[in-house]
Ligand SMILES: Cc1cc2nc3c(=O)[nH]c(=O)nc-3n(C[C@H](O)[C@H](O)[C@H](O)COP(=O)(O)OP(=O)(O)OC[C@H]3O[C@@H](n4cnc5c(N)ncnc54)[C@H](O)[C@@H]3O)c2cc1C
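Form predicted on its own, single chain, as structure tokens, below.
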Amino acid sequence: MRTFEYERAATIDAALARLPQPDTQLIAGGTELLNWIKEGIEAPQLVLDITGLPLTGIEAGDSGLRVGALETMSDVQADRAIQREYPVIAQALVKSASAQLRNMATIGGNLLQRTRCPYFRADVSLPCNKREPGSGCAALDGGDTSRHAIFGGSRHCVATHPSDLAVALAALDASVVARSARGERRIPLTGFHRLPGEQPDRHTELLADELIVAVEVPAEVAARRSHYVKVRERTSYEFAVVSAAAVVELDGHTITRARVAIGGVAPRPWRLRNTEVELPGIDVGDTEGLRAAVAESFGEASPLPGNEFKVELAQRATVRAVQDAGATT
């Protein structure tokens, strides 16, 4: 591990002034960055500590939801207003990590997680275009693709994004609030994580001089009827094989509007737009009707040898998420 300098940012402006400097990495909870450094993914010259910045706070009311980027996962999950008004967020957070990690990890840091693709995380040199552009993709070159993407991949990379929270936020039409010396901008969560295309080493739309300051959910999203389903290989802390987040509005038992996102299947949370068009008018208890609506989004799936099972598994998880959301009082 290469040695590095450590500095605490006294103000947001001071942090923003440091960010554009080459080989600078931010640290808050440290649950991701320390892994990157140990695994050789990053070798920063400067580690800038932002834990003292005024980027906390949870505001939930008529104007929507705003969560500061430095709020911990555990504090957000335990917030009564979020549990009541945005249960999908609380459920995704509690299923994301162990209690110890949730006590340290921040909301902003969670969204900036990088893939758990074993070839990206390998402690030996393996072909990975996301880690070393132009080196190839070990997964596509005869490797294990069981945990890889069925949507949104490219010939250069088929890694999936690991965040549970991001899937919930995608279903809520949330935005990431980013600040730079030029001011603030809002990036829709559904487009915050980049598809690999020809540049799989670019992970998000965040620019080098930008800092995540908050996450916002618009007021028009009725999120009380929402639910998060996570399918994993073991019941203890583990990353999702597939996951699904659903937000539904009902007239009696009939769906009038729905937002659905799935995880573990793409380089970013994947909104099922065709399904959202088909769901209104279906009784939330009509399992076959729901399955047909969900299947409308899977015609564009491109499973790989070894992960075809995700197509069926993701559809079942989505139906379950929609039904559980509809059962929320």
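The model shown is predicted, which means the values in this text are computed figures rather than measured ones. Numbers for residues come from their place in the sequence shown, where the first is 1.
Omitted from view is the form predicted in complex with this ligand, to which the following refers.
4.5 Å heavy atom contact, Thr287 to this ligand in the model of the complex: Close contact is absent here: in the model of the complex, Thr287 is far from this ligand, nothing within 4.5 Å, heavy atoms only.
4.5 Å heavy atom contact, Gly108 to this ligand in the model of the complex: Yes, contact at 4.5 Å.
Contact test in the model of the complex: Ile255 vs this ligand, heavy atoms, 4.5 Å: Outside the cut-off, so no.
Any non-hydrogen atom of Arg116 within 4.5 angstroms of this ligand in the model of the complex: Contact check for Arg116: yes, within 4.5 Å of this ligand in the model of the complex.
Contact at Glu59, Ala223 and Thr328 by this ligand in the model of the complex, all three, heavy atom at most 4.5 Å: Per the other structure, none of Glu59, Ala223 and Thr328 touch this ligand.
Contact assignment for this ligand in the model of the complex, among Val241, Val76, Val217, Leu211, heavy atom within 4.5 Å: Here the answer is residue option Leu211.
Sole residue of Leu279, Ile37, Ile50, Ala266 within 4.5 Å of this ligand in the model of the complex, by heavy atom: Selected residue: Ile50.
Partner-proximal stretch of 181 to 189, 247 to 255, 76 to 84, 91 to 99 relative to this ligand in the model of the complex, 4.5 angstroms, heavy atom: One stretch meets the cut-off, namely 91 to 99.
Within 4.5 Å of this ligand in the model of the complex: residues from 20 to 35 (heavy atom criterion): Those in contact are Gln25, Leu26, Ile27, Ala28, Gly29, Gly30, Thr31, Glu32, Leu33, Asn35.
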